[in-house]
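One chain comes next, on its own, written out as structure tokens in the form predicted alone.
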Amino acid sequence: MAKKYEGCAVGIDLGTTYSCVAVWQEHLNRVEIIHNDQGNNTTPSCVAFTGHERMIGDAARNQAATNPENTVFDAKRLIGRKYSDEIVQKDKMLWPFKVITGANDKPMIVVKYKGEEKQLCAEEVSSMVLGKMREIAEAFLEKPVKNAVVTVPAYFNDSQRKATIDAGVIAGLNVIRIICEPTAAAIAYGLDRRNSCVEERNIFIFDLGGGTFDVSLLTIKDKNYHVKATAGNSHLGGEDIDNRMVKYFVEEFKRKNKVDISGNPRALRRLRTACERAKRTLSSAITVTVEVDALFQGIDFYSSMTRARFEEINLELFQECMETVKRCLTDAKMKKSSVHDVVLVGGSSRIPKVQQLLQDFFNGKDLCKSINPDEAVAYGAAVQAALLSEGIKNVPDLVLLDVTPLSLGIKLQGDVMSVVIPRNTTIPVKRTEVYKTVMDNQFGTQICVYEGERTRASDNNLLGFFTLSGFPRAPRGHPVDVTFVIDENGILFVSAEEKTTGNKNKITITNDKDRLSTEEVERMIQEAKIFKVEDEKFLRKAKTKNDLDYCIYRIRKALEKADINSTICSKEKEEIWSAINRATDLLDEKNEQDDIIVFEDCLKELQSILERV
């Protein structure tokens, strides 16, 4: 039973380019998308600073061309990332505002506000946008809003989810739940088709937004929403399409006028605005004119782009989307023909080429465009917020079962990754595994927590570690319980306990831990397939070495017993100790080039000795 919260709760879609807020209206028995002070249902995720004021939303975006260095957008692309991240390094070359490295390699945005230089982290900028959404909701509802359900991309890692919660806290919001954007959109779709979801239906959500791309495959039946698999890229969206158009026209301007505008923030901002407008136009028109007066050094820019050329310069991005779609179905072990509905979400899903590729992939199936792609995520978040609120009536009852995007586990002896929670496991989840000590009288152990799909632990990403000590004197093989818990927000907690003493220790994987970017997540999954044979060989060798080590231990223990020792002749003892020494030398050697056959032969020899003693 989920905890209920008092007070009004709203659903917020915190987007890369636009954000949206919605609320369940009890008296109307439906969700209301809340319009802002300009009458728009979506608000730009943009913050600007001038010599005398701070602006958020439409006001910030409207003055971006005249104040590009102090107008911050795309903060979501920085949230939960390190400054040294390759993605951040590429992005900062395209932004007119300055990004520098702060404490603990945290990216900091530098702006001028009231004549002074100010450094902001991504969470602070996101909190300003969340604060604006809260103000919009309070003006509409005419009462304070404290609680909110905030959505994140399905492929946001633990660090990015935690940072989003931190942004909510900075904004004065109690973030009662983090849910994935495609899952929220599925709620909106399910309620829109309430009567047709009595029978089990497999719904594929295709969510291509301004800065992130997610796909999820859900099974909906009655009130149950079960996520089967998820895939995506938290760095792919409309902004990347805009960037390619900007790059194309910068080259054209350079070719025609022998002038490079790539170092001029104001010119780039004005060109970007024109490109975004052209992109929208090309969703309905075959050709579009891109015109910017006095773009640079008094030179006017005038050009055109056909839909065919637009599709050509962005085809690589569109094909990457289709690869992700394919991977999601593979992970869910589901055929294309088993998918009942393909639902489009996110503004960039309106692009005709994207729709055509998606429709072709699903063998001509009609795409569902019945829900508003810009508002569906906030809609679903508002339903979830109402369900978690105390005393709200008439809310459709539903059970939401999400999944974790990556396998989680710990490092064992021999650098083996022991998976505790496999990827695409339904959350919330709690799993306990019993591990054993590897030495006699071991007084403690270090628990190293990893995420990833490789067999070798060091090939995965280290999330954190802690030490559990105070073990009683005991032979090798003493049990230690390790428990992994993933909560409703997808945040990980790991604990370990030694039962006889009751000694415990735990770790919460928080946003100061260096977690993976989406690209690294994708690389791991792909590498896991490419290196599957290599991983299997490594696992076989590691297991053989561990078995060999244990065999040596058992023979030595047997030889220590007086009754056994007295029955063995001196020549046989010499042979046994010689075999033990050879095996020990083999294990002690740092050279990893020895073939697995060498270890397996040595193991067979010791196993035959063990049978005799």
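The numbering used is simple: start at 1 and walk along the sequence shown. Fair warning: this is a prediction, and the values are worked out from it, not measured in the lab.
The next section is about a form of this same protein that is not shown, the form predicted in complex with a small molecule.
Asks: Have a look at 214-222, 412-420, 150-158, 280-288 and name the one stretch with heavy atoms inside 4.5 Å of the small molecule in the predicted bound form.
Replies: Stretch with heavy atoms near the partner: 280-288.
Asks: Do Y18 and the small molecule come within 4.5 Å of each other in the predicted bound form, heavy atoms counted?
Replies: Judged by the heavy-atom cut-off of 4.5 Å, Y18 is in contact with the small molecule in the predicted bound form.
Asks: If you check in the predicted bound form, is K106 within 4.5 Å of the small molecule, heavy atoms only?
Replies: Flag for K106 set to no.
Asks: Evaluate E239 for contact with the small molecule in the predicted bound form, applying a 4.5 angstroms cut-off between non-hydrogen atoms, and reply yes or no.
Replies: Contact with the small molecule, yes.
Asks: With the cut-off set at 4.5 Å between non-hydrogen atoms, does G131 touch the small molecule in the predicted bound form?
Replies: Because no heavy atom of G131 falls inside 4.5 Å of the small molecule in the predicted bound form, the answer is no.
Asks: Considering the small molecule in the predicted bound form, which of G346, G168, G490, G80 comes within 4.5 Å of it through any heavy atom?
Replies: It is G346.
Asks: Identify which of R350, R201, H478, R272 has a heavy atom within 4.5 Å of the small molecule in the predicted bound form; exactly one of them does.
Replies: It is R350.
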